[in-house]
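What follows is a single chain, given as C-alpha cells, in the form predicted alone.
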Amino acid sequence: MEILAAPPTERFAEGTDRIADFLSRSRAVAHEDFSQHLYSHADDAAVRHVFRVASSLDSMVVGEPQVLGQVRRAYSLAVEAGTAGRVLNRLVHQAFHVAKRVRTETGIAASAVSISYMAVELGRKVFGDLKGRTVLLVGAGEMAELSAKHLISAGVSRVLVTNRTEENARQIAAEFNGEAVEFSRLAACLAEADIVICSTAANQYLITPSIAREALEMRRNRPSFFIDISVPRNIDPEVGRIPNLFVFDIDDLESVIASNIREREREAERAELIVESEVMQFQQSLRTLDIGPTLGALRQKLQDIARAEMMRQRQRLGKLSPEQERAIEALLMSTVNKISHPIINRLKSSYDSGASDDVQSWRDVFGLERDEKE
C-alpha cells in the first residue's frame, strides 16, 4: 500500500507523521506496531519511485501490466475526491507517460513470464490471431482459469469446460459465459478445440495419442495445441509427436518463463535510463510550475497598466467604432506581450539557474507580492 502526497518541503516530516497517524486510526492498529515497516521517499527519490512503480520496474514480476491499472484506478478516485492537486496531477500524468515510453521503447513486456500469459503467447505463435478460436478447459484448476481469462482478453470467443465433477464444470463455464460438457465427451470436445488446457488431479493420461489422432481427423488436420499444467501429467508426451499437434507441459513452460524473466531484467536496465531522464525533466517542469504564478501575475500587471492608461486617455480619441475599439485593445496587448517577453525569459532563466534573488527583485520592481496580498 502506498500513499502519494505533496506537502510543503519544510513540512515533510509533519506530513509523513500525519499520514502514518491516518493509517493507524483507519485500520485500528497502534502506530508503534507498524511504524518500523513504513518507508518514505522525498523529492527526486519520490518521483523516481512513482515512475518505477508505474513502469513495473518495482514489481515482483518486472514488466507485469496490472500495477499500471492500479495506479490509474487510484488516480481516478483521487480526482473524483478532489485530493489530487496540481503537483500530483502533473506527477501521475508524467508517470503514465514514462510507463508508455518504457513499454514502447524497451522489450520489458514483450515476453510472457507467467503460465497464464504463456498460453496467450503460444496461441499467437501457433495461430497468429486468436479471434474466433475455441479453448477447452479439462479440469477446474486455478491456473487453467487464469489462462482462459487471458485468452478471452486476447480474442478467444468460445470456452468449453469439462470436469469429472459436473457442478464444478458448470460453475466455471458460467463464469466465462461458456459451455459445460460431460467428461465422457472429452474426445468429441477435443475435435472442437483449438487450444486445450489440462489441469486435473488424475494420476494417469487422459489424452492419449489415439484420442488425439481421432480428434485431429475430425478437425481435418487443422492444428491445435495443448498446455498440460497437471502434476502428474495428464497428456501423453507422444501426442506432441503427431503432426499439427503441439504439446507443452509445466517443465516446458517454466524453462521458457525463466529465460523470458532474464530477458526482461536486461531490458529493465534500459528502462531505468528512461526513468532517470524523465525524473530530471519532471523536476524541471515543476520549476516552471512554481514560477508560473509569478509569470502570470507579471503579465496581468502589465495588461492592467495598459488598460488603465487606455481608459485615462480614452476621451482624447473621440468617438470610435466597435472595430476600432477592438483594434486598439489588440494593439495594446500585442505591445505588452512584446515588452514583457524578454523580462519573462530573464525570469525563467534566473529561476532555472537557482538565482532566486533575481526573481524576487523583479517581483519587487512590479509590486507583485503587494498586489497578491491586496
Partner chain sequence: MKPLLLTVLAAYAVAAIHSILAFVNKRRSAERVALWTLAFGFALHTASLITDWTQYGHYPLFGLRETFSFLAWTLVATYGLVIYRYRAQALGSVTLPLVTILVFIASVARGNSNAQTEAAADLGATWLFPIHTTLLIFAYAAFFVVFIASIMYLLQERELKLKTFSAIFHRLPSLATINNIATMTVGVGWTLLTLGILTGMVWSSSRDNRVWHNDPKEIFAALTWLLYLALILYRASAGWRGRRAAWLGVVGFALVLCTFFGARLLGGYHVFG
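Positions refer to the first chain, counted from 1. From a predicted model like this one, the values you see are computed outputs, not experimental measurements.
A second form of this protein, the form predicted together with its partner chain, is not displayed here; the remarks below concern that form.
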Can you pick out, from P293, P232, P223, G132, the residue that has a heavy atom within 4.5 Å of its partner chain in the predicted complex? P223
Which pick from R185, H93, R241, K100 sits with a heavy atom within 4.5 Å of its partner chain in the predicted complex? R241
Residue-level question: is N260 within 4.5 Å of its partner chain in the predicted complex, judged on heavy atoms? yes
Taking heavy atoms only, is R86 within 4.5 angstroms of its partner chain in the predicted complex? no
Contact of A173 with its partner chain in the predicted complex (heavy atom, 4.5 Å): no
Given that the partner is absent here, does E105 sit within 4.5 Å of its partner chain in the predicted complex, heavy atoms only? yes
Stretch in contact in the predicted complex with its partner chain, which is absent here, among 67 to 75, 245 to 253, 157 to 165, 196 to 204 (heavy atoms within 4.5 Å): 245 to 253
